[in-house]
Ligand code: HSE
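Shown below, as structure tokens, is a lone chain in the form predicted alone; questions about how it binds or moves come after it.
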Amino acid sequence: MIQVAIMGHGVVGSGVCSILTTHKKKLYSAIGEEVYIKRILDLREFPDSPLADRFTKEFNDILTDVEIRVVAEVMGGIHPAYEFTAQLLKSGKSVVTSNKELVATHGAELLAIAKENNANYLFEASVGGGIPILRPMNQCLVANNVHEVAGILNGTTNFILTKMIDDGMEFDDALKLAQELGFAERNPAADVEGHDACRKICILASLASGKHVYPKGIHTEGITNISLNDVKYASSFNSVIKLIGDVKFLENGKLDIFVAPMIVNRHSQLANIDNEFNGIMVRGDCTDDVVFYGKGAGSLPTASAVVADIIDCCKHLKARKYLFWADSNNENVLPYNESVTAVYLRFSTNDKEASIAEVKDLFGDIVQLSITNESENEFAVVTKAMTIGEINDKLNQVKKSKLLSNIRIADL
């Protein structure tokens, strides 16, 4: 019997308890031993739980118990999750987590502590919830040189954009619906402003590059400024708008990494991933494009990934799994102004003909878009590819119209 503990009994933690107790036979067949929940850490009371006698409010009950070999940290946030995780790893216990904020902020340090103490620190559930992505990248695709990882990494924003695209809903109405259905938090800032997706693409970039990529300083845009007219113009370009986390591994060793709304051609495999689903595309030199698709959040999907890591740790109690990246100061991240892309631009103007001529003079070859019932005071174009710095310099020279939208064109 292998004894484990769970820190946190919220949405994910309760799901982990459920799977470990209802899937005992399946899990036993995977490792040949019973996985037994000895302790559950939470400050709240759960008197009606069938595991009520195993709850504790004292972290030391887990830390000092030599029989507990693996701990699931599903508390969320940085503190005290960071301090607890570091202490557990230093004591030789393996830790698994769904805490993307913690991994994105302290992953390199915690991996180093795990290595020093012959323990494992696994976090499959931190990216994509129940979608297997870190383990396939680290094992199944290890023979590939990865050129790019890009994906829809946040189910809340994808649900909102789907409602705008398919049902013609305004952003505020789609957000309200997402909150009513439980797809969005009461305070949705981390989702709609792109921070959640940024943490996830940083974890994927760290794994693929072997150096920690910190979210701080990574260009991050959300979807709060996307309008229905942007959705309509994108449709006229045979495309949809998706919030994409993207990292390209350039030949000079730099990472072109960002999170932003992007106009994605309908032929792309990512264009048809809708509602609360996530999709992650890995471009390798041997496999070409491989896409991982599924629910990126929720109690049981996320808990299934946490349990998978628990089982992996149980299999490797006496031998570390090689999952590691070195620390860095983001020196390998390409300055965002040097990122190359074509862009969609939407303007308002009182003189459309003169304004279009000015934009064409500044940007050269452009594709002018049109939609049904287009306003006489608005127009949209797609530029050719150039650096973000060049785009911004040219936009600063526009005098005859006002910029309303500036969205990257994806090559996915």
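The numbering used is simple: start at 1 and walk along the sequence shown. Here the structure is a predicted model, which means the values were calculated and not measured.
Only in words, not in the display: the form predicted together with this ligand, which the text now covers.
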item	value
Position in contact with this ligand when the complex is considered in the predicted complex, options E83, E116, E185, D167, heavy atoms within 4.5 Å	E185
Contact assignment for this ligand in the predicted complex, among G151, P261, G194, G296, heavy atom within 4.5 Å	G296
Contact stretch among 314-322, 153-161, 332-340, 228-236 - heavy atom within 4.5 Å of this ligand in the predicted complex	153-161
This ligand contact in the predicted complex: K93, any heavy atom under 4.5 Å	no
Non-hydrogen atom contact K200 with this ligand in the predicted complex at 4.5 angstroms	yes
Heavy atom of K100 within 4.5 Å of this ligand in the predicted complex	yes
